[in-house]
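Here's a solo chain for you in C-alpha cells, the form predicted alone.
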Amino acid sequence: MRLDIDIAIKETYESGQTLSFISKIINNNLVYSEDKLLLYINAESIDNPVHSIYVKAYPKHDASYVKQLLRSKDNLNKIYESIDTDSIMHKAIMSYKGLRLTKSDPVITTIVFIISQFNNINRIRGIIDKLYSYGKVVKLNSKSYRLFPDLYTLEKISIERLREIGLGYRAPYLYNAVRYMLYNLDMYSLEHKSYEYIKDALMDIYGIGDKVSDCIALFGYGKTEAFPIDTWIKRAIERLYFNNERLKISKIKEFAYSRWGRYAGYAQQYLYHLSRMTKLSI
C-alpha cells in the first residue's frame, strides 16, 4: 500500500521511541514488528523527510492502522506553531523537521520502557533482539522475520533467563509486569481513558514509576501532554532554560506544561533528540 505521510523516517527511528527500539533498518527499509503484525516500510530516502512511503504487512493490514502507528493525522505545522516558543526549540524543529511521535502497541511499549530504565539505546536494542528470538517466525517479501513474542510466550521466560539476556535488576520488573498485564490489567481498555487515569493505572505495575508511565502514556496511548523526564531531558532543561540550576522533577513538569501545553510530548521529543545528537553542545 502507498501512504502519503510527511515523516522523517531516520530521525523518527533514532529518537528513542518505542517504534525505533523494536525496529530495524534493513537495506534502507524500516522493518517493524508486533506480536501479530510485521510491517516493511520502504521510503525513497531514509535520510530525508518523505511524502510517500510504501508499506507491506504480514498479515495484510489496512492503511488506517499504519497511519495510526505513524500518527499521520498530526498536523506538524500546527504543532510547530504551538511549540516553537524560543530559539532552542526553533533550532530543534529546524534540525529535525519531519520527526513524528509514533503510537505503538501499549503492551510492547510497556515492555520496552521497563527495559529502558537507566539503560542506553544500543543496549536496549540488544536486549529486545534477544527477546525476538522467542517470537513466531513469519515470511514477508520471501524473507523470514520474527514477530515480537506475545505475553503468553514471555510468561514462560524465567527471571534468571531475563537476567542472562541483559535485564539485570530489571528482570523482576518485567517478569511481574508480564503477569500483571495478563491477569490484572487489560492494557487495551485504557485506550480512551484520560492521561491522568492511564498514569495511575500504569503506576500500579511493579517497577513502573513516573518517567516510565509518561513514556507509555506518550508512545503507547498517544497522550501528547505527557512529558517524560530522563537524565537527558532534566539536564537539557536545567542547562538551556535555567542556567544550570538544579530542579525538582515537579518544577520541570510545571515549566514544560506552561510553555508547551497539550503538545509538551512533541517538545520533549525534539528537545531529547537535539540534546542527544549534539551531546548538549547547543
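Numbering starts at 1 and runs along the sequence shown. Computed from a prediction, not measured in an experiment: that's the story for all the values here.
Separately, the form predicted in complex with the DNA exists; it is not shown, and the next lines address it.
The candidate spot formed by Ser72, Thr110 and Tyr221 is out of contact with the DNA in the predicted complex: none of the three has a heavy atom within 4.5 Å. Checking Asp129, Asp186, Asp210, Asp200 against the DNA in the predicted complex, a heavy atom within 4.5 Å turns up for just one residue: Asp210. Among Ser142, Asn77, Ser87, Asn120, the residue placing a heavy atom within 4.5 Å of the DNA in the predicted complex is Asn120. This chain is displayed without the DNA, yet in the predicted complex the stretch 165 to 173 from 131 to 139, 90 to 98, 149 to 157, 165 to 173 comes within 4.5 Å of it by heavy atoms. The DNA in the predicted complex is not approached by Lys251, whose heavy atoms all lie more than 4.5 angstroms from it.
Although the partner is absent here, Asp230 lies within 4.5 Å of the DNA in the predicted complex, judged by heavy atoms.
For Ile83, no non-hydrogen atom is located within 4.5 Å of the DNA in the predicted complex, even though that partner is not displayed. Mapping the unseen interface onto this chain, Val178 falls outside it, with no heavy atom inside 4.5 Å of the DNA in the predicted complex.
Taking the DNA as it sits in the predicted complex, the stretch 2 to 17 comes within 4.5 angstroms of it through a non-hydrogen atom at Ser15, Gly16, Gln17.
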